[in-house]
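We begin with a single chain expressed as structure tokens, specifically the form predicted alone.
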Amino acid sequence: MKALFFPGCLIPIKYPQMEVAVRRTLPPLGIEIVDLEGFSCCPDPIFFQAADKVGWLTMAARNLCLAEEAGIDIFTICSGCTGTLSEANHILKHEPPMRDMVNRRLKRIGKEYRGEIEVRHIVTLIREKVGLERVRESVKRPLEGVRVALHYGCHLLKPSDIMRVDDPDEPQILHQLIEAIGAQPIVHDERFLCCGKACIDPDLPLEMTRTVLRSVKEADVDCMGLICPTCFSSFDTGQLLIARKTGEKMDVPPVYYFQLLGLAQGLTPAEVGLNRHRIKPLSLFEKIGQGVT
């Protein structure tokens, strides 16, 4: 099965280990990754949209036009990218006046949005096009005994009528993906709290991050399983900032889901980039009998 890869900005530049993990784990699931030159920033689903909605839609529509020209649906590996491209696709399909306005802009560069492709987050691509059984079949080293605290983040689930990923109040997709690789999904008390990254207040983001991390730490887990690079930034680098500011040391290792999948498929921690993390999942390494190098 072919799927058109929209890598976005943040992951390839700041967290290439996540892209590497995706590129190594999808082929065993029967997915052929198609790369396409010319994609730009999605762009940002919060600040850019608030500042210039038509400009935001036009940039997103240009990316969608490239996928339409290729004739392949897009999948993304960033919740923010999924949010922007899904919402833009929804608006442009259902609001003809806005679509006409955007297409007038796109005409200057020889593009036209037609509404012919779909946008999927990678987890829904796996659920809907591959199936959980194929994930289980790809596992060579089940992560038995590994306790993974789940963090869905904001953009993966909401707005639910546009994202169409899962029930925003009782999501199950990450639970199912974690169980498929043999690990134990752990629900913690603050699993629905935002990581705080988008808040402008100078003190609130770090306090929100701290609240989530404390909740995860109390759950007694080996790592925190997530799917959003922005959340990862808050919980990885954020722990160092919290320690520097308050003296409180968390030691809660956040791990991108496809890095966990890679470990279960038999890859080493270094092959999925876990050596690049500031907070390393040492108890996870111990349980699978692997070192970080």
Partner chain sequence: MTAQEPRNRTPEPEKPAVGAAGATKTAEVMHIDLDARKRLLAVIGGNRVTYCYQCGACVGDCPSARFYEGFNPREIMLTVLLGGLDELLCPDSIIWKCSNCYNCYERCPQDVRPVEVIIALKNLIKEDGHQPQDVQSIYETILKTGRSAPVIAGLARTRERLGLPPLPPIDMAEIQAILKPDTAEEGRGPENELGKRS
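Numbering follows the first chain given and starts at 1. Computed from a predicted structure; not experimentally measured.
Beyond what is shown, the protein has a form predicted together with its partner chain; the following relates to that form.
Residues I46, E95 and A198 are all found to lie within 4.5 Å of its partner chain in the model of the complex, as judged by heavy atom distances. Shown alone here, R276 lies within 4.5 Å of its partner chain in the model of the complex, counting heavy atoms only. Residue contact check for K53: one or more of its heavy atoms lie within 4.5 Å of its partner chain in the model of the complex. Proximity of T211 to its partner chain in the model of the complex: non-hydrogen atoms within 4.5 Å are present. Its partner chain in the model of the complex is approached by P168, whose closest heavy atom lies within 4.5 angstroms of it.
The single contact residue among R105, K217, R141, R134, judged by any heavy atom lying within 4.5 Å of its partner chain in the model of the complex, is R105.
The listed set L125, L193, I186, I72 contains one residue whose heavy atoms approach its partner chain in the model of the complex to within 4.5 Å, identified as L193. Figure note: of the listed segments 219-227, 156-164, 177-185, 113-121, the one touching its partner chain in the model of the complex, with heavy atoms no more than 4.5 Å away, is 156-164.
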